[in-house]
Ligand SMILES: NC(=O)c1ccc[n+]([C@@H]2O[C@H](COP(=O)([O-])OP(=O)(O)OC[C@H]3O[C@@H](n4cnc5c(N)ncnc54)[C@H](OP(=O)(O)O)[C@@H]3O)[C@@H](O)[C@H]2O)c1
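Only one chain is shown below, in structure tokens, and it's the form predicted on its own.
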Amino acid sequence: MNPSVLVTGVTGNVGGEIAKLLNEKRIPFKSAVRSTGGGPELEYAQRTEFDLLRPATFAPALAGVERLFLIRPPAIADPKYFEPLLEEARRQGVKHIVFLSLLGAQTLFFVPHRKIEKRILKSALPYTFLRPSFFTQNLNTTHLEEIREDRRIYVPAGKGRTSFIDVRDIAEVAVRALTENGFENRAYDLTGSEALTYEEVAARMTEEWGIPISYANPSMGEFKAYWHSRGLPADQINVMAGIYLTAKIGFAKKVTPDLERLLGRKPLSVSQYVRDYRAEFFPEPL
């Protein structure tokens, strides 16, 4: 059976979970990677070269594809790079795009996700916009080093609350949208079932692990300087800063019923995440 689903971002949080789920369900799919030697090695995945900065890779990757899971790579903030891809998707007869957007993107004019949504709408391709809140797993990827080495969460979110969502839940919704009908031309606000401050997240880590974890709450300038010192591109730093600003001013605290309604169960909690991912932060007993 030729795969009719293309998944981008398979080396990231959500894309990686989607790839695992499709593989577990024995659904053949194309795994978009910059090099055919990269990405996870899965039985039902067909690696295909794909790079948003190299339009020549689009046609071969999209050949035979009916449904596309699309993410914005963290290092790419300019939505213009998506236009050739959408044009090629239309030429190739793609029937459905599932785009990983951002909670509140429809009103946050300054985030690239909204600009990409507009381009997808303009393409007239059937779509599903998944608009999740902040990924819980960003703590064990983007922020792993500072938590493991410095025992602190270093984000400029003030006392703002965030309705953290587990990427395992996002992936389950995405797989349904990629393999079932009835999700076309819809947008879903995906959140956990509670909104927590980062201080409360640090407290749960401390309690569960028996390791003191603090919340540093740096200024925006300190946060940008920290990531600049680690070599992150300015565009990527600014997108991160903007996302944390939305949390600080209260835009990330929204809790919605969408995920529970779609999956028929409660979202995975931050406490469950902290239990499940302890070894990611501290592989060896202290």
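Because the structure is predicted, anything quoted here is derived from the model rather than measured. So that there is no doubt, residue numbering starts at 1 and follows the sequence shown.
What comes next is about the form predicted together with the ligand, which does not appear here.
Comparing 90-98, 130-138, 178-186, 152-160 against the ligand in the model of the complex, the single stretch with non-hydrogen atoms within 4.5 angstroms of it is 130-138. Interface residue among Pro126, Pro73, Gly104, Pro79, judged by heavy atoms within 4.5 Å of the ligand in the model of the complex: Pro73. This chain appears without its partner; in the model of the complex, the one residue of Arg47, Lys224, Lys253, Arg34 with a heavy atom within 4.5 Å of the ligand is Arg34. Looking at Glu260, you'd find every heavy atom of it more than 4.5 angstroms from the ligand in the model of the complex.
Contact annotation: Thr11 falls within 4.5 Å of the ligand in the model of the complex, judged by heavy atom distances. Contact check for Ala247: no non-hydrogen atom falls within 4.5 Å of the ligand in the model of the complex. Using a 4.5 angstroms threshold between heavy atoms, Leu52 counts as touching the ligand in the model of the complex.
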